[in-house]
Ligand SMILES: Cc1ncc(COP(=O)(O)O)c(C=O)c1O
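Shown here is one chain on its own, the form predicted alone, set out as structure tokens.
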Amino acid sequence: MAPRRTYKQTTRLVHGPSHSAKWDFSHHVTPPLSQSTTYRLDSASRGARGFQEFGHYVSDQGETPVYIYDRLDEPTRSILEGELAEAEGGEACATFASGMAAISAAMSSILVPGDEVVAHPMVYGCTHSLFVNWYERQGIVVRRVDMNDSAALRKAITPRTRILYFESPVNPTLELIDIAKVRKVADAANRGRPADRRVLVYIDNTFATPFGQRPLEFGADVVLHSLTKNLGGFGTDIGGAVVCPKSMLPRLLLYRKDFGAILSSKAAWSILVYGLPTLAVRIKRQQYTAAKVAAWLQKQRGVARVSYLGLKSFPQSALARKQHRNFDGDFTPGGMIYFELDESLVRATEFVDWIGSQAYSITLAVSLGHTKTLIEMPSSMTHSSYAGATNGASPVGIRLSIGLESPTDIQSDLEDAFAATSTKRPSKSRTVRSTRKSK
């Protein structure tokens, strides 16, 4: 580097050191947070090289990539993507500003007018809205078929079908989809098809996380996540991820660059250093509590049914134990519970309203996978876009995302809610604890 004149301190305050050995990221115990929207290029040829190489897969070994601009790529987000791909057992990962941005990019970067998607009848409300409000006007047909009905699924696939889309566990009912069976149907449909028209299997793995289920092992092509949920874990950052084959990565990154739905480096850093390292501990605690709460709910006279993967009564117990295994091979049913109330005994809306205004250990809020236990009514909240649809969420259904609280406290708050909202209260009702939160 050529000798430089002595610059004024005002200028030096703006620029700092032009280069510094202190910018050594290789010896950090905690991954560094990079917060630069643009990067020094040193020469026009280096900038040209960066644009030429954009979209290529970058491994943790070899030469450092040329970073140009945050919207294209940046170090912290890239490190997180490598960790997520490894956790899922995938080849590559692209992260996005939200879970819906990831879902939209993963499908819209492939689909063209005239293409078709075959989707399970029940999906997250915003995904349903994407299908019914936006894909139709783009000339993309979405057919809804029970993914566990292999005969119906085979019949629904046409030469225009590109994606088989589902969640497992399904939000909010916790129904499971047999991923391996869907894979067999896709393989049969792909015989004789050109590589660029293959039917691809997409699964949203948000409920399970890679700690509890790795769909690629059962034949999925693409795995989707809302990083906002258990992978982030603390309810502080929104994000999404697409784990995919290396061959899909360039187009995904091009789509992200042009549509601009990038995950911020700050959010990526939080998920990387707080969310992922605590994932196993949090889920193990959540499912410990969930098992106790689910078993307790089954005994309540105001409850019509309880769905939890860890219950012996779970109708797909064998499939749950096959697909839901952690990295040690242990059964991992997770921390999500779905239950329906008997309206003749407990009014569902009144029950949830009581929790929202009176409970301490349970919070009425959307989202899931939080350190705090969250409760919501899907039919009127997260799945309200199904309004009027025959396949919508039950109006008496309640989704419970278990957090890190004591199981006895959660049960006590639920018990108080049952007592306060029962339509057939005993003549000598017990005193309900005063637990109103401070405002």
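Here the structure is a predicted model, which means the values were calculated and not measured. Just count from 1 along the sequence shown to find any residue number.
The protein also exists as the form predicted together with this ligand; that form is not presented, and the subsequent description refers to it.
> Would Tyr308 sit within 4.5 Å of this ligand in the predicted bound form, counting heavy atoms only?
No.
> Although this ligand is absent from this view, report whether Asp73 comes within 4.5 Å of it in the predicted bound form, heavy atoms only.
Asp73: no contact with this ligand in the predicted bound form.
> Quick one: is Lys229 in contact with this ligand in the predicted bound form, heavy atoms, 4.5 Å cut-off?
Flag for Lys229 set to yes.
> Spell out, yes or no, whether the shortest heavy atom distance between Ile103 and this ligand in the predicted bound form is within 4.5 Å.
Ile103: contacts this ligand in the predicted bound form.
> For this chain shown on its own, do Gly89, Phe218 and Asp221 all sit within 4.5 Å of this ligand in the predicted bound form, going by heavy atoms?
The answer is no: none of the three residues contacts the partner (heavy atom, 4.5 Å cut-off).
> Which listed residue (Tyr124, Tyr202, Tyr338, Tyr255) meets the criterion of a heavy atom within 4.5 Å of this ligand in the predicted bound form?
In short, Tyr124.
> Since exactly one of Ile110, Met248, Ile238, Leu279 fits, which has a heavy atom within 4.5 Å of this ligand in the predicted bound form?
It is Ile238 that has a heavy atom within 4.5 Å of the partner.
> Sort through 323 to 331, 144 to 152, 345 to 353, 95 to 103 and report the only stretch with a non-hydrogen atom within 4.5 Å of this ligand in the predicted bound form.
Partner-contacting stretch among the options: 95 to 103.
> Does anything in 346 to 372 come within 4.5 Å of this ligand in the predicted bound form by heavy atoms, and if so which residues, in order?
Read in sequence order, the lone residue that approaches this ligand (within 4.5 Å, in the predicted bound form) is Leu368.
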